[in-house]
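Only one chain is included here, represented as structure tokens and corresponding to the form predicted on its own.
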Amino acid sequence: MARKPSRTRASEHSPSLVAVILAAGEGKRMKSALPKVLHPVAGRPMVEHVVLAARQAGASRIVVVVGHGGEAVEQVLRERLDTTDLRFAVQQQRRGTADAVSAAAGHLRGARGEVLILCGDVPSLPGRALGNLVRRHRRRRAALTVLTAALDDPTGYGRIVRNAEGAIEAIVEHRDASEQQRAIREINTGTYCANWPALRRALGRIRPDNAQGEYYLTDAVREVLAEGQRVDACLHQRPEEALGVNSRQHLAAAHRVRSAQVLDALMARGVTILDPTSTWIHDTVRIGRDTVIHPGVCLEGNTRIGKRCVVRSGCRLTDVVVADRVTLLEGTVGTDSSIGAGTQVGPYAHLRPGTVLGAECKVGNFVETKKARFGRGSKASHLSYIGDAEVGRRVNIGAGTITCNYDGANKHRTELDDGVFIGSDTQLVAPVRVGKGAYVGAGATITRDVPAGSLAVSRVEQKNIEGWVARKKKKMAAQKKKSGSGKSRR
């Protein structure tokens, strides 16, 4: 689970701005037991992206309206975020978007400023876009401002209907629109900024006079205009950021958009990403400048990568802390681990939780580690398993070494002191300690502690039998000839 992100500084909030996030939808087209707004996009549940965007826009209070799976939605947000500014309201019956906003009214008593109405299934709309919407709303002194976008194919979206002067007259849902209105390309994104007293009055007058029999928030446009107040529109220039998620196809599209935003931000801060189309990086990840990310890399969770690192193709890191000047070769997989400066890992190494590699270490191809701590300059270059181990400084671990840490009931630790040399194909049967500067001969099975400066061997003495191969071949030939003569007599 990602760590709870720090709150935006209070000085950046506008005390008059409140956000209402509509997160009560079931999302039937997702065909999932998981509430729609909890499906992850770029490493976060969709609704979490929306909460963070509202904070970035300056909201001092955020009301999340839940319905289907509401307890799960609330639990996830409380686990992942600082929720001191969050309130939760329940839409008992899903009777439309206006009804959902009305469900939040109890948390807006006394509010006299603006309210942002946001959709919990629009994860890619950045906070700066919401900030632009709020500023335009205030500058134009509107009672209601709609965030709109222009689509080549607006099928399924509500259309923005304007009069001859270009002012908004209405928002018409696709199923209720005429053929002429369906030709309009400007659509309603479902995101609004409104003066709360004016919107509250409008909500009280909305009726379910439509094909769905629902209370449409879009009808607030008509009601606000009927009061003689201004309705404005703010056209968002990147329509793909403002679209909601109603299907798995939409989810994939949202992931691509949000990932592109993350990668663009990293490149703007000095990170080289050789192929953004094949690179997946969560927006919780931080990377230092002059680091190079090769194609096919996946970085997740609270991964932190320092400066001047190289992460080659096929690497996947989850909650891994990487210092400066680290090289991760192809296929390296790591979880809940840390890697010291100047260390090289891979190719095809597996760092399991609890791995701590010091500076200038080397963990090579087909090496697996778990709860292992390596001191500075230590190496396990290939084909080894090092688990539940404390490895000192400048230790060399030969190919095929195994720490036998599990006895079938309990895990035990292996300790290799500074300067130890472990020969290839060694089994270290824990609990065991190899003292400082000791050597272990290749092919050994070590079951007892090795004193410092000693050589430990456990091989059976080698025996050479001269002429054995010739005698063996002669015997096999005789057996074959005898077998053949027997067949001929039959």
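So that there is no doubt, residue numbering starts at 1 and follows the sequence shown. Every value quoted in this text rests on a predicted model; they were computed, and no experiment measured them.
We do not show the form predicted together with a small molecule, though everything after this point is about it.
Enquirer: Is every one of Leu317, Ala389 and Arg394 within 4.5 Å of the small molecule in the model of the complex, counting heavy atoms?
Expert: Per the other structure, none of Leu317, Ala389 and Arg394 touch the small molecule.
Enquirer: Tell me, please, which stretch of 293-301, 166-174, 197-205, 265-273 lies within 4.5 angstroms of the small molecule in the model of the complex when heavy atoms are compared?
Expert: Result of the contact check: 166-174.
Enquirer: So in the model of the complex, does Arg29 come within 4.5 Å of the small molecule, heavy atom to heavy atom?
Expert: Looking in the model of the complex, residue contacts with the small molecule include Arg29, since a heavy atom lies within 4.5 Å.
Enquirer: Under a 4.5 Å heavy atom criterion, is Arg78 part of the interface with the small molecule in the model of the complex?
Expert: No.
Enquirer: Looking at the partner-bound form in the model of the complex, is Pro123 within 4.5 Å of the small molecule by any heavy atom?
Expert: Pro123: no, not in contact with the small molecule in the model of the complex.
Enquirer: Should Asn246 be counted as a contact of the small molecule in the model of the complex, where contact means heavy atoms within 4.5 Å?
Expert: Although the small molecule is absent here, Asn246 would touch it in the model of the complex, with heavy atoms inside 4.5 Å.
Enquirer: What is the one choice in Ile281, Cys119, Ala104, Ala254 with a heavy atom within 4.5 Å of the small molecule in the model of the complex?
Expert: Selected residue: Cys119.
Enquirer: If you check Thr414, Thr145, Ser378, Thr189 against the small molecule in the model of the complex, which one has a heavy atom within 4.5 Å?
Expert: Exactly one residue meets the criterion: Thr189.
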